[in-house]
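In C-alpha cells, the next block holds one chain alone, the form predicted alone.
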Amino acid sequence: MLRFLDSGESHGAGMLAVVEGMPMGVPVRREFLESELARRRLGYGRGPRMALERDEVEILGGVRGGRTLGSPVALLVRNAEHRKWLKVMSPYGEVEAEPLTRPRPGHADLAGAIKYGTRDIRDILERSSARETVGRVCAGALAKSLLVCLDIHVYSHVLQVGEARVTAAGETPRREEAAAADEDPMRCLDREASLRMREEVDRARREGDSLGGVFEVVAYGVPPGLGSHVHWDRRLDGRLAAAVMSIQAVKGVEVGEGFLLAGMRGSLASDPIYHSKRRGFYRRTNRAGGLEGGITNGEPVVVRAAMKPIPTLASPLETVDLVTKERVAAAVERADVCAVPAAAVIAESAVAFVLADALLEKLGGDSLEELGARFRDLKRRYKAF
C-alpha cells in the first residue's frame, strides 16, 4: 500500500526520496520534515559532519498547498559538501581521484567490492553510508504526518551505550516521557545513566575508539488488528524487525521483552487479559510489545535494537589492500564515536513507515478524510467487541 525508493550517495549532489501511496489530504510541513532531519543529527558523540549538514528539503511533487495530492511525493535534500567533491563524485566522464583500495573491517567495503567487481571501494561506501538514511527519515516523516492525524505517535529513547545502561530497562515510558527524550544529550530518559553514557563516549573518543548500544522505539495509540497471522511475510513483527534491522550497524532486534522472555517460565512470560466497559480489552503488562501472532493487540508497540560500535575508527584496524594484497591500515572516513541516539531517530521513521503501511493495508482510503472515518469506526467496533 505504501512504499518508497530513495537515491543518492554520501558526497553526491543530494538524496532523493519518492513515497508512493500516501492518501490525499495529509498535512505536510516543510518545517516538520527538516526538524526530523535535524533530530537525525542529534546525540553526544557525533562527528564533525553533523555541524556541516543543514538538510534543507525541497518538495518536488505530490504536495500542493501543504497537503498531499494522492500522487507520489518526491523530496530532495542536497548534500552541503557536494561542491568540494565534484571531481570525485561527478556522474559525467572520468572521475579525478585515486581509487580507494583499503577496505574497512565492519563495513560493506570488501563484500561490496567483491560482489560488484570494483577495485575502488568508494563505489560501495558512498551508498552504504548512513547518509542514505536521509531518505528513510523523509519517508518516515511523511508516515508520522499521517499517523499523528489518527493520534498515533512514535517516539524513541536510548537504553544503553557501551556498558552504561538505564536501571529501569523493560519499563515502557509514558507517552509524555518518551516525547521529551530529545531534551537529553544522549536522548536517554534516565539522567544518571545519561551521564555515565557521556563519560563512556568521552573515554572512547580519547582512545580513538567507538561505541554501540541499545535503543527502544515505542508507538502509542496503535489499534488492535494491524498485521496478520496467515503468512510469514504479513506478520507485522517480522516487518518491523526487518525495517529496523536494515538500519546501518543494527545487529539485533527484539519486540517487547524479546530475549528476556527466553529465560522466563510460560506462567510469567505472557500478558494476562482484562476487560472494562471504558477500555474494552486491555493488559496491565506489555511483555509482548503490543504484538501477538504478528497482529497488534492494542497495547503500545515496542521495538528494541542493538547497534554495534561504528567500525570506522580514528585509529584504524589492519586490512588488506584490494590491489597489492599487502597488509595496510584501513581507510578512514569521518565518523562518529557514538551514533546510537541518531539511530533511534532513524528507527522511529522505519517503525512509523511500517505502521502507516499496515494501517492503509487494513483500512484503505484514497483520502485522509476517508481513512479517518474508517479508523474511527474501527476503534468503535473494537471497543464494543
Ligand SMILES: Cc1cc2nc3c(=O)[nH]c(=O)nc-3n(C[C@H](O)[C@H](O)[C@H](O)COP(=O)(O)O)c2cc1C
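What you are looking at is a predicted structure, and each value in this text was computed from that prediction instead of being measured. All residue numbers are counted from 1 along the displayed sequence.
Form predicted in complex with the named molecule: not shown, discussed below.
Peer 1: Spell out, yes or no, whether the shortest heavy atom distance between Ala130 and the named molecule in the predicted complex is within 4.5 Å.
Peer 2: Contact with the named molecule, yes.
Peer 1: Do Lys251 and the named molecule share at least one heavy atom pair within 4.5 Å in the predicted complex?
Peer 2: Lys251 belongs to the contact set for the named molecule.
Peer 1: With the cut-off set at 4.5 Å between non-hydrogen atoms, does Ala335 touch the named molecule in the predicted complex?
Peer 2: Ala335 belongs to the contact set for the named molecule.
Peer 1: Thr101 near the named molecule in the predicted complex, any heavy atom under 4.5 Å?
Peer 2: Answer no; every heavy atom of Thr101 is more than 4.5 Å from the named molecule in the predicted complex.
Peer 1: Scan Met307, Val134, Ala143, Val217 and let me know which has any heavy atom within 4.5 Å of the named molecule in the predicted complex.
Peer 2: For this set of options, the contacting one is Met307.
Peer 1: Quick one: from Pro311, Pro223, Gly258, Gly280, grab the residue that has a heavy atom within 4.5 Å of the named molecule in the predicted complex.
Peer 2: Spelling it out, the residue with a heavy atom inside the cut-off is Pro311.
Peer 1: Which is the contacting stretch out of 321-329, 341-349, 27-35, 64-72, given heavy atoms within 4.5 Å of the named molecule in the predicted complex?
Peer 2: One stretch meets the cut-off, namely 341-349.
Peer 1: At a 4.5 angstroms cut-off on non-hydrogen atoms, which residues of 28-46 are near the named molecule in the predicted complex? List them in order.
Peer 2: Result: Arg46 alone.
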